[in-house]
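For reference, the chain that follows is the form predicted on its own, supplied as structure tokens.
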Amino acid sequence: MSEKPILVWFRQDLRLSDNPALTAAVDSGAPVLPVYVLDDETPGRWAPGGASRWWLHHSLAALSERLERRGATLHLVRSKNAAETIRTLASEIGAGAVHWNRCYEPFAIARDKNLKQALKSDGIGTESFNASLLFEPWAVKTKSGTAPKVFSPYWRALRALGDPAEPLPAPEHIRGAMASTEGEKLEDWNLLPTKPDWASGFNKHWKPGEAHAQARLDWFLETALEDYKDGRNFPAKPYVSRLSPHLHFGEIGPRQIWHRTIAFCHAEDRNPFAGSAEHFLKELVWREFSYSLLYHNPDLPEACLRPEFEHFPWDRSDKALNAWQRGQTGIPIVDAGMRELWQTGYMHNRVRMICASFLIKHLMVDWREGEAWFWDTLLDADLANNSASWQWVAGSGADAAPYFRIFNPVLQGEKFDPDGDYTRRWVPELADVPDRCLQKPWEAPGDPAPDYPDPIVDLAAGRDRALAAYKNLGDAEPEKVAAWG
């Protein structure tokens, strides 16, 4: 049994089950020091946003409690150089090794590579593991050996690898190690907003932590999976898993979701690769596909994958962007989504696509502005998913929506919120607008919504303006293609 402690660096893996870095450390028999570093120097504009910091506070509190129940104390450190902090701490405790689960953001890859070399020079071993993905991004390849750039071939290539590894159970006991200095207190990090407390409504909608992630998955499988395929498009209906924040912070892993879903289907004598279950698993794999895109295209968050889109004549109007951010565009389904986002830190996926399309194509605002706003306001803000999804809508990315496909927000609202429950919930000014005019209140007789703004853009004119700007960037004939209802 080794007496040199192992430092386990927690990052986006805030759980005990299916945590291979932790399991390997515990299985070694060595004392284990779990560490979390709040890195205040994340490169560029990708430091955690305000909503993410709210979730992080509660997730770390839950992780710390679970570790203590098993014999270990989570050591918290705030730093402007996470890698150097880990190196110093490992040296101070005389660590025999440092373990971590891999991150795939470009800056994280570079940081971890340099840290491995530095620790090696100090005579300290390192081990890294995959806890965030079903398969490593370099493992899913086409028959020609390249990374798929379209989702369907990616899905087939991933399925050809078989099922991912079985998830690991949580350690029953952890032989905890102590640092030479006392760790910081979570409450001193001031991750929660106070003046004003714009996150006050989050508690009604979310319960961070590993236990709640597992409970959420069980709830979804038992009550919503059967209706997922069609129901996932209706934002007023409870047919989505809402697991995305839990996944981003690693309170639950994709292998756990994959195997739990398959086991549930088998217990119900259902085929997990058909119908709603397959659609759900494919959504999980869309996340994998986004990570593959980011890994193989490190500038995905900042640069168009299709370089011709860098010449697009974006409208630099702050007025349009601000109206969109505040949910004051005069387009009901768009405003409902943007207000849901602000009040809950979340937006239904169908509505995300509508809001993104409206910003990019009707308002002609650069997709990177929307990406940045989502990054700051989404609890599930994930660099790979966020950047890949915005490029998908813009038409500038891999497997992108064709540029001539422009969501008509009126038709989308009428189709996917037919009773108006979602729209009226988040835009109460429209309570007295009749159903037939709810998504186009400007056509309602009289003035049933005097406090609701007029549309900031004529939808037909906005669509035509976008198509005129896009037509030289693609190979379609937009004048022959109907709006994407």
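In this text, all values refer to a predicted model and were calculated from it rather than measured experimentally. For every residue, the number given is its place in the sequence shown, counted from 1.
Another form, the form predicted in complex with a small molecule, is not on view; read the next lines as being about it.
For the options R352, H259, R102, R405, the residue carrying a heavy atom within 4.5 angstroms of the small molecule in the predicted bound form is R352. Between the small molecule and the residues T85, S241, S128, Q325, the one pair within 4.5 Å by heavy atoms in the predicted bound form involves S241. Only one segment in the set 142-150, 159-167, 260-268, 371-379 has residues whose heavy atoms sit within 4.5 Å of the small molecule in the predicted bound form; it is 371-379. Shown alone here, Y346 lies within 4.5 Å of the small molecule in the predicted bound form, counting heavy atoms only. Remark: L247 counts among the residues lining the small molecule in the predicted bound form, judged by a heavy atom distance of 4.5 Å or less. Proximity of W286 to the small molecule in the predicted bound form: non-hydrogen atoms within 4.5 Å are present. In the predicted bound form, the small molecule sits within 4.5 Å of a heavy atom belonging to W390. Within 4.5 Å of the small molecule in the predicted bound form, a heavy atom is found for all three of Y228, A356 and N385.
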